[in-house]
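Presented below, as structure tokens, is a lone chain in the form predicted alone.
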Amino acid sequence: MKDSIIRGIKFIGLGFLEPLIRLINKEEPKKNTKEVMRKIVAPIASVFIFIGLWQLGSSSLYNKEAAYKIEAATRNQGEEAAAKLKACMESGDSNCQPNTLPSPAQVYAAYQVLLEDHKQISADKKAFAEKTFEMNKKRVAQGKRAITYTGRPSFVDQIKTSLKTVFAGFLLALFIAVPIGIVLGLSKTLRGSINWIIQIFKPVSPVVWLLLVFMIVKTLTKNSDSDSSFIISFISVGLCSMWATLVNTAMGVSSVNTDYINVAKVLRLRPLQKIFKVILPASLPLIFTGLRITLSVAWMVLIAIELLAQSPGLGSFVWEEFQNGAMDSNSKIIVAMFVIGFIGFALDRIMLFIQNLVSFEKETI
């Protein structure tokens, strides 16, 4: 039972809990206590240290910015205005607080505000849907387009939009990079002749890909009702992120053990059978390593592309809050930063889990 639990937690990427389980079962107490301290207690302590340093840093910056504002008020408006400004700051009025790095408490408060805002917008959407239900039913029956909710999206809606875009871009990268990588891996001549293209386009900035895709999609969708901003975003993400998968697939296919290829020849497998039954299974570890990198790169460049393209999503949310300049905007930006990081980590864990499911070399992952 215990061994099956340990195998299970390792399989889902929670192997750091193994020493705790062994310690609970009183196996090698001294050794496992050290492992628990190193793998569990130390990371938890680092979280509290990080929050403490963050609090100290935000307090220091707050005091520095407050002192500067009071000094500027004294110099430009006199002692009385400076005294009023100081009293306003001490009262906690958001209209006169220094605009600097928010504290952990302010960020948590902004997180709660964003959740409440999402609940309110969801309620508005539901009320709108109920209000227009009969009207939309008639419009659809008449062949007309249904009336849709056009209010501003909530923070959670922006997250969903970003996830939809990144998965579309990831699938595009997968469908482009894996087949091309297989072809290049099977042919040394072709791999050598195409390598220069990969090396030139691989380091190209997301900004350049975005502009290139914009030029093409803008023309192709000129008379179309399709969502061009979504199309531009996911194609740009796919083109930016596909290179790791392409290179790793080609490397994995080209490095398949020759004994496997010889067995395929003995069995007289057709080319497609050889690819799907021999080459791909043997190449999976490297292909999935490339896919994990591709998904991570896709999530990183997505934020920049959304910001530049002004398409809906987390990147657009961050830019709008920065432009907004409200007192709680900095806190919301920090919330978005943590959400982006946690989602990126979760996506990597999901890919690792899938890799463990399909790979024959679990121990080496």
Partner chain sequence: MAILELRNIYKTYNPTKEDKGEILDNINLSIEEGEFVAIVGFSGSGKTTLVNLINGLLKPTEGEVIFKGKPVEDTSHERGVIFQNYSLLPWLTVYQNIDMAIQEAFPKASKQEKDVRVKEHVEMVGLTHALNKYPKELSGGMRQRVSVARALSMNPEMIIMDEPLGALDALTRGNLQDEILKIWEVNKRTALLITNDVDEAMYMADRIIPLKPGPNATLGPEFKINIERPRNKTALNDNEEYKKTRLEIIEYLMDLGEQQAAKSTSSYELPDLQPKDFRWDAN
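Residue numbers count along the first chain shown, from 1. Everything numeric in this text was worked out from a predicted model, so none of it was measured.
Unshown form predicted in complex with the partner chain; subsequent notes refer to it.
- Looking at the partner chain in the predicted bound form, residues Arg75, Glu80 and Lys86 place no heavy atom within 4.5 Å of it.
- In plain terms, the part of the chain that comes close to the partner chain in the predicted bound form, with a heavy atom within 4.5 Å, is 263 to 271 out of 177 to 185, 263 to 271, 202 to 210, 151 to 159.
- When you look in the predicted bound form, the only residue of Val217, Val278, Ile293, Cys96 with a non-hydrogen atom within 4.5 Å of the partner chain is Val278.
- Residue in contact with the partner chain in the predicted bound form (any heavy atom within 4.5 Å), chosen from Ala282, Val113, Leu172, Met251: Ala282.
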